[in-house]
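Below, in structure tokens: the form predicted alone, a single chain.
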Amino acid sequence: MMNYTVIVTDVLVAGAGLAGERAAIEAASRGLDVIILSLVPPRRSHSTAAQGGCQASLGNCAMGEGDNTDIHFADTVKGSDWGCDQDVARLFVETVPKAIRQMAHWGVPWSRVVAGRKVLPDGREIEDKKEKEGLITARDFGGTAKWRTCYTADGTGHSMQYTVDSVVIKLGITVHDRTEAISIIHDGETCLGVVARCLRTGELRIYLARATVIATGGYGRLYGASTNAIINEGTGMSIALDTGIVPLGNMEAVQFHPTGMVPVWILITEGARGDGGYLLDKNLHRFMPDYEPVKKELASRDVVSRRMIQHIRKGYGVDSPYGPHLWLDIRHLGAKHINTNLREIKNICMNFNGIDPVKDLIPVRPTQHYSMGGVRTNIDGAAYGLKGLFAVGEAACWDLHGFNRLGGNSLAETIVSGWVVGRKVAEYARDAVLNYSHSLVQGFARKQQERINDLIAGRLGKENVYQIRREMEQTLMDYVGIFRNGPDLQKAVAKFQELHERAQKIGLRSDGKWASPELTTSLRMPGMVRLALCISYGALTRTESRGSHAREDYPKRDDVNWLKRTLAYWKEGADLPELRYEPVKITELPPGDRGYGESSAASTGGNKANGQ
């Protein structure tokens, strides 16, 4: 029997994006030993790709005057379509202004107020006051009553990730990159750490910790078209689900960003519309004011995405080899503004599509972007079901976002939840005692080694992992997209049950040794299909429309029966998740009208448009 290398620490963080590194900083600054595991070097984390900014009610710019935490709270709750926990939303909005200023102190070069008169693209004239000059400014984002999205041009995530990673380096926090957590070690009550696989050598290692934090990001790459980095496959969520004890919350809540660039699906930041960009149809008509006369292009993301698909279904899409799309027009903002505030967008357009947004229209279509669901935690970030397990960022269902996340609230959430939860992690780890059985811990590693050996030896079957993946991606795009209905969701659930059975019978085409992408994907695939089942089965069961979950056969929000959160558990040997429900916490703002969009999410036509 092989004994595996055991590495012991106080706090283990799986994921080196902003949320994971911020939590690690908080624990390390309190004198605890911290190890971070990451699929990639930290500065290659998906947090780096965030463009638009962070919402914080600083109220420095002219269009943000009078903003406060109460207004930000109301925007967040309405944005969530009353699906969030309001105590978490209140904690978030009160903390984020301090977190933004802390980022400035650490070195984030926030764009600043420049005093003087300005004319907005819609003709309005504003004046930033002299006494505010040099303070952190903000831009407009969808679903907000005030301009409060702080930014660094359109590279906000990049500048924040590099800054936070510099603090990690300064504190001497250990980072093991090219390392993937593939199983949570637990005794049925307490999380003891993880089994991890080195992506360079294929070696398995055991990491034991008093507290373990899942910060592995979202599951966007389950979908065939996503703005997510290729590493975002929901790995942290799936290993939590595989415990059979820890539930995932609101997995049916999937956000589609209105402006993924066709055909590469790279995100074109909401900041482009916040700065005054327009959405145009094939006739070059600006159509959003026809649907949303007040908020126009800056209604919340779920609303804009649905309006775009509705408009395409009416025949106003631009035909292309990749399906119909619409146009994003920022030409009127001018070369100076684009080359300064939207310079990364220009680079992306030039490098990936050969177009110059200073003079060309950008082809866009709603694209999978964000997972509101994740490892269900309480307000302290502690996962349900296992003591010593925490989750932060997009991997968690904290639950700040409910059924639709406001743009700018996720990047802000990474540093706020990392700060708040990191403090709770440190408090827990300081008092916890790491009690474990050597045979139990080694048994978890041996189980994973047996999986690997069976795959390499071809003992499981001959299914092609890449074929299973393609079918999973396409099924989600076809049937679990922006608009949903019962018959299509039934098809999706049945298909994923089939794929789940096939995923147990994968056979490798390669030898699976060392840094084998095929083996890596094969190890992840069953868990990815289980996540797809949590998404589709949760969507089928939820017979209402709320936020990003738009049922054409149940077009109304149903607060009487569905003002509750879905909890998905996976029992060993099951082919469907077990769904339970818990009430949403309403502490301040009772359910009402969001102030944009329509109460009905119904539309005409089939469900195949779905934004793919």
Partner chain sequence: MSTKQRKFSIFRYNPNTPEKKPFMQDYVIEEVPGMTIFTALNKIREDLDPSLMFDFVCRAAICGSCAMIINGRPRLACKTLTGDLKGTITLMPLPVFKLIGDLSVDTGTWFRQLQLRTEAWIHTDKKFDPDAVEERMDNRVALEIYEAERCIECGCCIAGCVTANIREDFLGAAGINRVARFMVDPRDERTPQQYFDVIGSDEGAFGCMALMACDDNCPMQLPLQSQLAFVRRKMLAFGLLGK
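As the structure is a computational prediction, the values presented were derived from the model and not from experiment. Residue numbers count along the first chain shown, from 1.
The same protein also exists as the form predicted together with its partner chain; that form is not shown, yet it is the one meant from here on.
- Put simply, Arg451 is far from its partner chain in the predicted bound form: not one heavy atom of it is within 4.5 Å.
- In the predicted bound form, none of the heavy atoms of Arg459 sits within 4.5 Å of a heavy atom of its partner chain.
- Not displayed here, its partner chain is approached by Gln51 to within 4.5 Å at the level of heavy atoms in the predicted bound form.
- At a distance threshold of 4.5 angstroms between non-hydrogen atoms, Val40 is in contact with its partner chain in the predicted bound form.
- Every member of the trio Thr152, Gly172 and Phe352 reaches its partner chain in the predicted bound form with some non-hydrogen atom inside 4.5 Å.
- Ala515 is the sole member of Leu284, Leu120, Ala145, Ala515 with a non-hydrogen atom within 4.5 Å of its partner chain in the predicted bound form.
- For the options Gln490, Thr201, Gln474, Ser439, the residue carrying a heavy atom within 4.5 angstroms of its partner chain in the predicted bound form is Thr201.
- Proximity to its partner chain in the predicted bound form, taken as heavy atoms within 4.5 Å, picks out 338 to 346 from the listed stretches 271 to 279, 297 to 305, 338 to 346, 209 to 217.
- With contact defined as any non-hydrogen atom lying within 4.5 angstroms of its partner chain in the predicted bound form, the contacting residues in 81 to 111 are Lys98, Arg101, Gln102, Ala104, His105, Trp106, Gly107, Val108, Pro109, Trp110, Ser111, given in sequence order.
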